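Before any questions on how it binds or moves, here is one chain, the form predicted alone, in structure tokens.
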């Protein structure tokens, strides 16, 4: 079968590899669509990062580069392994793509996403969504309604990142939130906020991204910091109070500073983006306003509720798909677009079977 394999920085090859074995306790999935994540782009440009370098196998998967990429994917079940009785051939599914040690509990109140040596399918090994087929442990396979188009279903994984960030914030219906940055995760976080009855203010410089936020209907107010004083505008919207919660989705220090200024006393700031460089913050403002600053990573028992929001029609994922490509076009039309024309792309999805 065809698969996109990461060998090293700048070296991704589409090649033929053996089909996966559907072992006991696993589910065989024909991949329908797989999204290109910002993490994948970082691996291509600066990696290996999450991907174990050649000769240095991951302690859980036992694999190292080359590995099959792709962790945002949907598909149709083609086989179930021995011991799997609650998934049927032909079901539509998405995957919560974790690689986690077998002795780590993954129950409702377990923070399994923070466990030692955690990694992701499609980065740390165990196959990937940028291939025709994959076999995944039953624990990480989530059935979805056939009414959700499979191309849109590929976005449930990044939407779950937004859902987890919103959970971490403690935001509730009637609150006002400020989202710094209208990239893919900023937009999807805003979609979750809107679905939960929260007023959303977005701060974004890019004209194309501002337009996408408007078209998708995920923001009540959109402010461009090159045109207006975002903090002043936030104060107008909130009757001088400031926002209840704020989400940093850019890894830009100026944005973080704006969120701290715009938050109300006792407000919550959630750092959603991955920072590859140190940040500076005005600690005095955090102290004097009694702000809470929280990190968030991945998701943890978020997929079911995220899927429910989509199934109930509270979130429409179609506006966020900006390009559909073949596996052979992964680098030329996928990564190259994200590198050179990033503002025009929200989510590029790949069909490995074309």
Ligand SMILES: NC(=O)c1ccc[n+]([C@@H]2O[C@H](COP(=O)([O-])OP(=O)(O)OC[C@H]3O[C@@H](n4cnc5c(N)ncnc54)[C@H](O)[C@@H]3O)[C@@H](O)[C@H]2O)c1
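Every value quoted in this text rests on a predicted model; they were computed, and no experiment measured them. Residue numbers count along the first chain shown, from 1.
Unshown form predicted together with the ligand; subsequent notes refer to it.
Heavy atoms within 4.5 Å of the ligand in the model of the complex map, among the stretches 231-239, 181-189, 129-137, 212-220, onto 181-189 alone. Residue 337 falls outside the set of residues with a heavy atom inside 4.5 Å of the ligand in the model of the complex. For the chain shown alone, residue 250 is a contact residue for the ligand in the model of the complex, at least one non-hydrogen atom being within 4.5 angstroms. The closest heavy atom approach of residue 101 to the ligand in the model of the complex falls outside 4.5 Å.
In the model of the complex, the ligand lies within 4.5 Å of some heavy atom of residue 297. Interface residue among 106, 206, 115, 91, judged by heavy atoms within 4.5 Å of the ligand in the model of the complex: 206. Taking 198, 269, 150, 161 one by one, only a single residue has any non-hydrogen atom within 4.5 Å of the ligand in the model of the complex, and it is 161. For the partner-free chain shown, just 342 of 320-344 comes within 4.5 angstroms of the ligand in the model of the complex, judged by any non-hydrogen atom.
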